[in-house]
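As a starting point, one isolated chain is supplied in structure tokens, in the form predicted on its own.
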Amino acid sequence: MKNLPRLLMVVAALGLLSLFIFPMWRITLLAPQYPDGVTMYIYINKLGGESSGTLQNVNILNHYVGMKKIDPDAIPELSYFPYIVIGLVVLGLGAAWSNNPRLFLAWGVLMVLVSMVGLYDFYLWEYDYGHNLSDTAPIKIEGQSYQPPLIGSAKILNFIAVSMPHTSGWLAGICILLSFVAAWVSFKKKKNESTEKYKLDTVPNLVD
């Protein structure tokens, strides 16, 4: 129990490394001609799919409505986000080493802010691809946009687009929760220690 807050903080920090192993988000396109759906996975440093041709299939579908080609090399976030994650891991381990509940709490708040910025950046990315359409698109519908939902599902022409967090996205959320739990347990532990010390300091005086 004594080292529980520090252990929780270590698990929270190292848990972020799952972002390099598992997808953090997925976007699935469902349609009668694709009953199983076409799913694109978004990692912290790359884009992928259920097969090697997934990204190509998505780009073919996007081409018909004038959306830009999704080129991982042209997405700068895939290059610098990994460094941000590594930095957060190092800060989390530093907080664990210090065993300071205020730093546990600060790391959790920082993670929330970084996640919000990341979601907003993802929204802008979706907006750009869904609204900045080519004038030479084979299919043109006045006033139609093709932006997938940030979270949830939406009907786009004859497709249903589903956008949801995936494995490492949920794990990152658990890491944030663990940091807050670590802070709470540590604050509670320090409060109990202060109470016990106060009792020990005051008892002799009461006896006198």
Partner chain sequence: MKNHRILFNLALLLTSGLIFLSGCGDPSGSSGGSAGLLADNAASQVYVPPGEYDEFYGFFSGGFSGQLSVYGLPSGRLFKVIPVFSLDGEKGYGFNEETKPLLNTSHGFVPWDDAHHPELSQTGGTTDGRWIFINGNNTPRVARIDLTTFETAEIIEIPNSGGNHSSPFTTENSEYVVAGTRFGVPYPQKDVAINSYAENFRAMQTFISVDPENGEMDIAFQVLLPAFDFDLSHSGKGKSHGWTFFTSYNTENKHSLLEVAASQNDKDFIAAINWKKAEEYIKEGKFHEVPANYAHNVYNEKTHTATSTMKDKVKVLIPSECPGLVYFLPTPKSPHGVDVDPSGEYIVGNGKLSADLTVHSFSKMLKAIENKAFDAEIEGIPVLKFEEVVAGVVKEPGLGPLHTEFDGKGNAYTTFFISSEIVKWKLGTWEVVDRVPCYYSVGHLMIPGGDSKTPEGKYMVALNKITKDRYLPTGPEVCHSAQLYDISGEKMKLLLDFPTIGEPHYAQGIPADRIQSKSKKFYPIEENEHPYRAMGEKDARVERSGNIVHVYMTTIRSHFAPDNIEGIKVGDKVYFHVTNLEQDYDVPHGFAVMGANNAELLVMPGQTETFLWEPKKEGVFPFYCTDFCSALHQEMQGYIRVSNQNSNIALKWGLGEDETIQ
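Positions refer to the first chain, counted from 1. For clarity, every value in this text was computed on a predicted model and none was experimentally measured.
Form predicted in complex with its partner chain: not shown, discussed below.
Student: Are all three of Tyr43, Asn62 and Asp71 close to its partner chain in the predicted bound form, meaning a heavy atom of each within 4.5 Å?
Tutor: Judged in the predicted bound form, none of Tyr43, Asn62 and Asp71 sits within 4.5 Å of its partner chain.
Student: Within 4.5 Å of its partner chain in the predicted bound form, counting heavy atoms only, one of 145-153, 23-31, 172-180, 46-54 shows up; tell me which.
Tutor: So the stretch in question is 46-54.
Student: Does Pro138 reach its partner chain in the predicted bound form, with heavy atoms at most 4.5 Å apart?
Tutor: Pro138 belongs to the contact set for its partner chain.
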